[in-house]
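Next comes just one chain, in structure tokens: the form predicted on its own.
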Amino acid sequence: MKLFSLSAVSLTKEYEGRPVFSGMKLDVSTGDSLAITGKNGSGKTTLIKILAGIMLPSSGSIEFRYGQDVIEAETAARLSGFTAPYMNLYDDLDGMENLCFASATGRIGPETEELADRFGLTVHLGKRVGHYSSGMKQRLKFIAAVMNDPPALFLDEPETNLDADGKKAVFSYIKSVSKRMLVVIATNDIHVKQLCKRSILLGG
């Protein structure tokens, strides 16, 4: 198993000249789990996007490693699983078609079928996603993020729109992979925070 790690030094992000956060130093690697917490507007979503390699900081540096190799942010993002409430699915496609689109192979294997069963979506995969409830969409997004068994998982408020059963399934999955993946979660949910080995507070 190749180890995945990221190391951020003096990480700063500004919007219109106003610092969201500055001078941040972080090191996270496989087997580590980090919760990013803070009030609304404190920069949780911004930081997790930067750590996932899908947004650039205003200044500072972030180094990604996969195995012995230093990799570009674009490669890190491609290797990682990422999900957030604001991410869009293809409403005109059914659940299965959405997962095929997210699959690294373009096909659905038995592992993904097991995930669909685990998250209670098996009987809904043939339905158009536009007819899904917000909770069903959130479960489908989560499956799409983890189905390729990524070395790193970045989850922005993964508990959003989920009922008790949905949260239980998501929390259980995070626990099951946290020892073999790098996991970063942006959340203010105390139960999600407790899934992680450590946490940081933004704007506090």
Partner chain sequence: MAGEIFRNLLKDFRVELRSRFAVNLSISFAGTMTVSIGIVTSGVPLSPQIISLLLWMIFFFSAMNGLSHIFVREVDQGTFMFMNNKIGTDAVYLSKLIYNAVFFAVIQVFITPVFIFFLQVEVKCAAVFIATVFSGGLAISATSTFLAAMVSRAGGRGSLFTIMSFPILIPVLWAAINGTIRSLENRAACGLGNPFFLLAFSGMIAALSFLLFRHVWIEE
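Bear in mind that the values here come from a model prediction, so they are computed numbers and not experimental data. Residue numbers count along the first chain shown, from 1.
One more form of this protein exists, namely the form predicted together with the partner chain; it is left out here, but the text below deals with it.
- The partner is absent here; in the predicted complex, the one residue of 54, 26, 177, 169 having a heavy atom within 4.5 Å of the partner chain is 54.
- The candidate spot formed by 139, 160 and 165 lies out of contact with the partner chain in the predicted complex, as no residue has a heavy atom within 4.5 Å of it.
- The partner is not drawn, yet in the predicted complex one stretch among 54-62, 131-139, 31-39, 169-177 has residues with heavy atoms inside 4.5 Å of the partner chain: 54-62.
- At a distance threshold of 4.5 angstroms between non-hydrogen atoms, residue 123 is out of contact with the partner chain in the predicted complex.
- Taking non-hydrogen atoms only, residue 113 never approaches the partner chain to within 4.5 angstroms in the predicted complex.
- Residue 74 belongs to the set of residues with a heavy atom inside 4.5 Å of the partner chain in the predicted complex.
- In the predicted complex, the partner chain lies farther than 4.5 Å from every heavy atom of residue 109.
- In the predicted complex, 86, 87, 88, 89, 90, 92, 93, 94, 97, 98, 100, 101, 102, 103, 104, 106 are the residues of 86-124 with at least one heavy atom within 4.5 Å of the partner chain, listed from first to last.
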